[in-house]
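Heads up, the chain below is alone and in the form predicted alone; it's given as structure tokens.
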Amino acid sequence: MLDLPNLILIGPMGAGKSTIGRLLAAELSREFLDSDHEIQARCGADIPWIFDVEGEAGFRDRETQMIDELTRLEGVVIATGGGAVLREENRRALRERGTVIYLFTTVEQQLRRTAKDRNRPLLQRGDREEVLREMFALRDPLYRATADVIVRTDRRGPRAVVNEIVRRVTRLVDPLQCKA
């Protein structure tokens, strides 16, 4: 296997970043780190609590610090929170310190995947579909501008997505290595 850079997964909530990240890391024999889980471990509190106490701005400050730390590691697979791309300093760190993969999914798929999830503070206000559509309109251009690779995850199993990521990232790193 090639010596691949850090692989960084971005995309909206419900795109499968954590599930796919774990599988991808296992496939490549790498450490997997989820920025949201790392924030929770460091704070000793879950994300809804952080949002309640510190507000979204406080959470985003913690997220920026964590992204800076995680992207300085080498040879890891990182899953970011859906809003990580909102700050330019995060987008820059992601682009400069790894290969960024945008896990694209539709709002309809997000609604299905997050239907019973109560740990997503931004979905606890108003109409869930409307909130997701607003976030998509704002964030999709940022995901696209940050990503080296875009991979669709809706109506596909995680293993198929992982296989596509490995194939496409390998091609990016060494175009002659991959004959597909």
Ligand SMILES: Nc1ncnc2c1ncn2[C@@H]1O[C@H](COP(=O)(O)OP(=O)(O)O)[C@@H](O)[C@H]1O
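In case it trips you up, residue 1 is the first one in the sequence shown, and so on. Bear in mind that the values here come from a model prediction, so they are computed numbers and not experimental data.
This next part talks about the form predicted together with the named molecule, which is not shown.
Problem - Single option in Leu172, Met13, Val166, Ala25 placed near the named molecule in the predicted bound form, where near means a heavy atom within 4.5 Å - result: Spelling it out, the residue with a heavy atom inside the cut-off is Met13.
Problem - Heavy atom of Arg113 within 4.5 Å of the named molecule in the predicted bound form - result: Answer yes; at least one heavy atom of Arg113 falls within 4.5 Å of the named molecule in the predicted bound form.
Problem - Contacts with the named molecule in the predicted bound form, stretch 15-47 (heavy atom within 4.5 Å) - result: Residues within 4.5 Å: Ala15, Gly16, Lys17, Ser18, Thr19, Ile20.
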